[in-house]
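Just one chain is shown here, as structure tokens, and it is the form predicted alone.
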């Protein structure tokens, strides 16, 4: 773990104090997701973005003309075959005249778009900002083409052209993590079953599978120890947020959750260059920065949406975010279950809800906002709301990480 006293040369105290002096509060006034699935109905990314945007706008109780800026997260041009999706969506959504920016950082694309919007509001340069995350990750390319493409999302010279797959690299990292932390194949099964059980209660989930431990054990080996059912699907879909300045809130939205802190960081691109290849150091640094902004420590977090493209990555994330120093023990004792101290991935996570890559980080933040406001799916909504929740993503093998901490609104 990276020491809390210093983050890549930046004092956490300096980060916290400077933001206290200059921050304009950013409030999540609107949040929406389309279902995540494999679309076979002839619709495309413009349709899904439109659905999510106007649902979020209705929740925010503002008009299109109130939007000052648009940030669009889309991981790959190869999915949408659109080199400039932000400008296209600004036109589609009737926002001609606003500033429009595309954000891309692999799996962290959506969360980085959220951060860009938060910074626009905090700086005072925008009253209301729209964030849209979207990707047709399931329906645009064949599975083999996507696997090759994701190989290129690492270092194309040393990984992509050699045939190294994301599954193989994630498996190597998890193997380096499992031994010191004492996690087993049973723990991979346990967290997979828990996550997919949440997805069964999420009407927008891609894989609401009623699997058993035996089903997982019988599924094909992808990259040891990961079997097919330990992995997330490729999905189509979109998510949207409206992020507003505190001074511009409609009266009826004053109980909406605020952004307490954001943090992002990078690690060595190559797994072999990392001193501890099983540790998600960039995620730890991101969380420390977000906590410094929020003025809290990680033990204040009572809900988490964690980036889990593979079952083991969720366990690695729990440690990196400071939510557990013994993930096997805490998982087995129910700490991260729906009635535990810190429920994790009530949405179903990437493994259950699905993973349209550009939409993932936006959707996690939208989910967390709805959970903290008591607006989520009834069968998944906690009865007692914590004060803080975290939405976490990363790109590559946690090469780029981004974390957002939300704080429950005063009236929620």
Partner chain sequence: MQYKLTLDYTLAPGWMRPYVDGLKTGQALARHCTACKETSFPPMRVCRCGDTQLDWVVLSGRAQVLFRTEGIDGAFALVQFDGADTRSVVSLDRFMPNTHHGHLAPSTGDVPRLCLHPITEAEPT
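Here the structure is a predicted model, which is why all the values come from computation and not from measurement. Numbering follows the first chain given and starts at 1.
Below, we turn to the form predicted in complex with the partner chain, even though it does not appear here.
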Should residue 123 be classed as touching the partner chain in the predicted bound form when contacts are defined as heavy atoms within 4.5 Å?
no
Although the partner isn't part of this model, could you tell me whether residue 147 comes within 4.5 Å of the partner chain in the predicted bound form, counting any heavy atom of the residue?
yes
At the 4.5 Å heavy atom threshold, is residue 158 in contact with the partner chain in the predicted bound form?
yes
Even though the partner chain is not shown here, does residue 268 get within 4.5 Å of it in the predicted bound form, heavy atoms only?
yes
Exactly one of 339, 217, 247, 81 has a non-hydrogen atom within 4.5 Å of the partner chain in the predicted bound form; which residue is it?
81
Picking from 96, 162, 297, 212, the single residue whose non-hydrogen atoms come within 4.5 angstroms of the partner chain in the predicted bound form is 162
At 4.5 Å by heavy atoms, is each residue in 168, 172 and 273 next to the partner chain in the predicted bound form?
yes
Which is the contacting stretch out of 110-118, 301-309, 237-245, 175-183, given heavy atoms within 4.5 Å of the partner chain in the predicted bound form?
175-183
